[in-house]
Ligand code: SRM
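As a starting point, one isolated chain is supplied in structure tokens, in the form predicted on its own.
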């Protein structure tokens, strides 16, 4: 098991935190700074927040001898990515009152708001609480937001599987009431810290992510999760799940001991045994994960150190039952179903494209206003996809025309239909100006880069190809660039490593092809790659598969 000595600084902070309380109350009362105390910056993540600063203004504020413009990002816990119309209305107004105003749909099917000043954190959390929403465990070294296949049309059993995602989330929450004491001034019930059989007083070595896919669509990118569950449905009945463990996309430039990895198959379990197995997969990571080096602390490294068979055996020992051989399944796609569709109950769904998940009114496109008007009708719920898009859901047949009219009035249908396949298959992390780890732009730059790639696609008659392109401002993988056909990974301002060769189903990672390219070199390189692809591809061969065969396997 993990060594008790040589703990990282973060490990010591967690153990001493009194159930994640730390000195957060004192930090919030300190009006002399927009920041919180250093140890509290680690603890606040467990409450669903990151302390950040506006990197665009660092130099200006430094010249004026001012501290950085500190603020907070708050991320909601939304297992399965669902909000009611009333909750969307509340979110809209909270975003306008306390944050930058932009509602950001994340790659994990939830929402985050940026630019919240320290004095506004408690009012924001309190407002969310009145909507029956919280940010508990949305960040930090715990089980984070549980993702689930987003579109109910995927299966008549979608609701059952979505509810299981909610149960997983609730069952694996930290037991501390510190969240309510800090942010809503709840009274402490006892002087001792609450007992937490799962997390104990040390929590997990690193973050832990769970996703549930419903074949044949791998829209959740199931294999990039610490634990991925693949629903096995036979004769219209949910039988159980295939378990894949050890996924994760983060790495560090120049450190070969860090790498992206897809989950390894542990096997199949009937649904009655699934929750117990999830719990014990987490406890094994809790007890065997690396607590001395956070760069080696994710489950993927624990599994590679122990070996898949040994990890599986330890889980089985704790469960008291064994995995069966994985059951057959097939993925045929990994994308969102844009436009209108209807499920088995006759309810209607409209999936709209939200570029990089940014819900905002800008460039004469009133997206945010339009969604508010739709919510105000009370005729649609809101579901988020792991591709950073939005599904207006559960719309009655009699209400479809009203929603359609609002979509047209606010140019949402035009925007969705008018986006190229590459743009609709694109994704980028937040990066600059708020992410402290970002080395380059991502969400602020990728749209304009795609605008320059699109003429190359037209030149090579590839404009209708569903090529998946993703960008991250650093190698941590938040925009899932290692799992794309074309991945851009920031190395410095204006420079990106170019990765190619990922598949279209999320079952193969890409490989670095060229280092630190600027925009001109990116476009020149892609122009050449597209030219060879068109001339030499096999019938039906995707760009990712061709790239793997032509340039990666041939090396």
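Residue numbers count along the first chain shown, from 1. Treat the numbers as computed from the prediction; the structure is a model and nothing was measured.
Form predicted together with this ligand: not shown, discussed below.
Only one of 405-413, 70-78, 332-340, 375-383 lies within 4.5 Å of this ligand in the predicted complex by heavy atoms, and it is 70-78. The contact with this ligand in the predicted complex, taken as any heavy atom within 4.5 Å, belongs to 209 out of 209, 172, 286, 158. Checking 282, 83, 478, 453 for any heavy atom within 4.5 Å of this ligand in the predicted complex turns up a single hit: 478. Using a 4.5 angstroms limit between non-hydrogen atoms, residue 250 touches this ligand in the predicted complex. Among residues of the shown chain, residue 437 is one whose heavy atoms approach this ligand to within 4.5 Å in the predicted complex. In the predicted complex, residue 148 stays away from this ligand, with no heavy atom inside 4.5 Å. Mapping the unseen interface onto this chain, residue 143 falls outside it, with no heavy atom inside 4.5 Å of this ligand in the predicted complex. In this stretch, 52-66, the one residue having a heavy atom within 4.5 Å of this ligand in the predicted complex is 52; the partner itself is omitted from this view.
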